[in-house]
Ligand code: 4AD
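In structure tokens, the next block holds one chain alone, the form predicted on its own.
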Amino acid sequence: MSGPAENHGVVTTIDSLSNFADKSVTVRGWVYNKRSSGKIQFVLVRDGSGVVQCVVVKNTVGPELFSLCDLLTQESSLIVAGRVHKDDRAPGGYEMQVEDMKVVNVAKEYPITPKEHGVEFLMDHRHLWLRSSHQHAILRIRHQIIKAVREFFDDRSFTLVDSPILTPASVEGTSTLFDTDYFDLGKAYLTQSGQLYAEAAAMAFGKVYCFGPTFRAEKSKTRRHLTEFWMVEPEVAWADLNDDMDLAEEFIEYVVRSVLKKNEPELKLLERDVAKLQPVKRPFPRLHYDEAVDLLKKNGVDFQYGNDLGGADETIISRQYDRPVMVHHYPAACKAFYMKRDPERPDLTLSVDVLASEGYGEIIGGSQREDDYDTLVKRLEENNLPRPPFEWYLDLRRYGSVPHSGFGLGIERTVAWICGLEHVRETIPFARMIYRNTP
């Protein structure tokens, strides 16, 4: 192996090479690919920030260092020193003329090759699949979406209030709970939503959001479902359903515009048709549940009035528009106990689902919350929910109750939509589904 390549010039990252044109620098990374042309070797090196072509010329570096390239396999780790040159044909617009190199680890035969692999194989090797350019692009976009989420609420004077992951009761129905023994206190459950706790915080701070992992024990194998996923949930005191819908559409517009602005290279790599994201601007169409049912029937769907919309129904509806559509006033029979009823039509709730365009379906579910104590007690009874675990929640209606609203946005479904992915399993570093909990 050659000498300490890291002593040649400043150590930098590949995405910063434009700052060092015609200067010697050192980068540390992994072999992405390589090819040879007689007395010249071309080694593509990635470091997590980008990819650079490193040109190794035998007459320049000498035979000993040149022969090191023969050792290099895909994903071997190395330190490369060289002079940066601008080259519009190269990845990122710059390449390195190698002056020195140190091989840190020669990787064994890498299991993921350029050939086609099955989904199960790739998911079994998810810990390595993350290194591919496609997956890298997806997770960089996920990062930007999460950054935009925080910026949006932070810039609008919302307070982040973390909600517990272990909870004493259900939020979205007892049939989809993961339970665990909790010392001498009986059962505890992995949270389905931070909403109830966000409501408590909204009564203290006015405008809040919680952001974290949530869990649903649904035995669903659809392309839109994970058993563990991330959700951001704002809650606002004094807000009604219309306020809630206004906030939701402003929020989605902000997130999409942020990705379009910051992630052009990643969207291009994914071959995402950004023309389909450009129309995502306010106002969004607002469709009453009754109108949604009529639309489904016009499209030949034998839909039973009173049911919740299924994935196929959401796909049909959302494909009618060039931007997300807001379906509101769902029947009470298919919605959660905490949703306030419409005083003019008590069979309906003051609720809204936001369906992403291009057939991607629900990415937001929200509502105005029931703020009357006696009514909420009745709702608990109607849903056969035990009262003791909800006494603290009832306190919010005993002490200074006010109208309030909120929603939850699923990060993974949003990533799938913005990236144009078929399945949510690629939108999270390590997916958890009913048939998978590894790696």
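Numbers for residues come from their place in the sequence shown, where the first is 1. Just so we're clear, the structure is a prediction, and the values are computed from it rather than from any experiment.
Below, we turn to the form predicted together with the named molecule, even though it does not appear here.
- The partner is absent here; in the predicted complex, the one residue of 263, 349, 193, 318 having a heavy atom within 4.5 Å of the named molecule is 193.
- This chain lacks the partner; the member of 309, 332, 364, 149 within 4.5 angstroms of the named molecule in the predicted complex by a non-hydrogen atom is 364.
- In short, of 132-140, 221-229, 324-332, 83-91 it is 221-229 that has heavy atoms within 4.5 Å of the named molecule in the predicted complex.
- Among heavy atoms of residue 410, some come within 4.5 Å of the named molecule in the predicted complex.
- With a 4.5 Å cutoff on heavy atoms, residue 233 counts as touching the named molecule in the predicted complex.
- In the predicted complex, the named molecule lies within 4.5 Å of some heavy atom of residue 172.
- For residue 406, a non-hydrogen atom is located within 4.5 Å of the named molecule in the predicted complex, even though that partner is not displayed.
- Residues are counted as partner-facing when one of their heavy atoms sits within 4.5 Å of the named molecule in the predicted complex; in 32-48 not one qualifies.
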